[in-house]
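Shown here is one chain on its own, the form predicted alone, set out as structure tokens.
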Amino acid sequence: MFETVRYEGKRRIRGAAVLTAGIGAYAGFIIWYFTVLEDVDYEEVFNDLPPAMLEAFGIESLSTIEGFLGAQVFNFVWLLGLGLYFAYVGGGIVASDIETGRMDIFLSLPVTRARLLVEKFGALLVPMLAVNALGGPIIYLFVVAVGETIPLDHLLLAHLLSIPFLLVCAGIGLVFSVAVDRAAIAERGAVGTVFVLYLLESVVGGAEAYDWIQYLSPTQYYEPTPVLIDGSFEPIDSAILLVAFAGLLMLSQALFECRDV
């Protein structure tokens, strides 16, 4: 039981380690850079930037380590970088196996297509949980090492709340993966969709006439900067993301059941 998720999960351990190490190194550089710019008036530097840009990168209270991390690490890496990464990886879950012929082997196993899809998607939890479970302590240790302080509960909460967001991004990739035969098309389609949704929320959504459009983007429901600064968040936002993920997963299962492989 769960042989598929164990097999696929083991194959993702190395990638998860490389991803976590890379993000940890980037976070360490950003934290060190914060100490170098200690005497810079951040608010004055960014005062003339368009509101849309401030919103897109979560620029808020840059004079504090929490606000700096929110803008330079979480909004850039977690919202955009990891969102695109998991959309890309999700796009290859099924399409790559169909393209290489490996899917025939999986379908010969005594499991339903719905369960097979869930198990293959479940393997993505390995890098998703690793980057959050290890990334938080790594960032905290870097912050302490440079003589700064950050509320540990706020930091861990920011990581925890990112999981529903990343699940939605991966779910978008999964829908593309079961809808097309070529992995490259599925991966590009998923990445393009997540990026467009990011732009809709951060740029187009800022216009009053199109204010409603921002609610279509998963980035609307995960704002790490306020969480890091004062621990504030809306539980309904995470609930909306989880419902959206469940809908994407069920849609993927329905498409996978109907298609001819």
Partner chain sequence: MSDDPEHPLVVEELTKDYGSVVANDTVSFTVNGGEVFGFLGPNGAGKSTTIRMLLGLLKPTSGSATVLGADIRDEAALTEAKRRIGYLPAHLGFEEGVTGETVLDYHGAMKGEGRRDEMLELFTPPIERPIREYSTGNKRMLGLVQAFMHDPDLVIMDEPTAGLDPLKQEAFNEFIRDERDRGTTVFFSSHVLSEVRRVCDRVGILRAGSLVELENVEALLHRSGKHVRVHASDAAVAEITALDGVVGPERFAEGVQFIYAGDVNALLRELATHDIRDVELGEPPIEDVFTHYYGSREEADEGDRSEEAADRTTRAGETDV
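These figures come from a predicted structure and were not determined experimentally. Positions refer to the first chain, counted from 1.
Quick note: we don't show the form predicted together with its partner chain, though the next part is all about it.
Every residue in 136, 225 and 230 with a non-hydrogen atom within 4.5 Å of its partner chain in the model of the complex? Answer is no for this spot.
Spell out, yes or no, whether the shortest heavy atom distance between residue 88 and its partner chain in the model of the complex is within 4.5 Å. Residue 88: no contact with its partner chain in the model of the complex.
Check whether residue 101 has any heavy atom within 4.5 Å of a heavy atom of its partner chain in the model of the complex, and answer yes or no. Heavy-atom contact with its partner chain at 4.5 Å: present for residue 101.
Using 4.5 Å between non-hydrogen atoms, is residue 113 touching its partner chain in the model of the complex? Yes - in the model of the complex, heavy atoms of residue 113 and its partner chain come within 4.5 Å of each other.
Counting only non-hydrogen atoms and a 4.5 angstroms cut-off, does residue 108 reach its partner chain in the model of the complex? Yes, residue 108 sits close enough to its partner chain in the model of the complex that at least one of its heavy atoms falls within 4.5 Å.
Specify the contacting stretch among 139-147, 69-77, 121-129, 180-188, defined as having any heavy atom within 4.5 Å of its partner chain in the model of the complex. Contact criterion met by 180-188 only.
At 4.5 Å, heavy atom to heavy atom, what parts of 2-37 sit next to its partner chain in the model of the complex? List them in sequence order, or say none. Heavy-atom contacts to its partner chain in the model of the complex: 3, 4, 7, 11.
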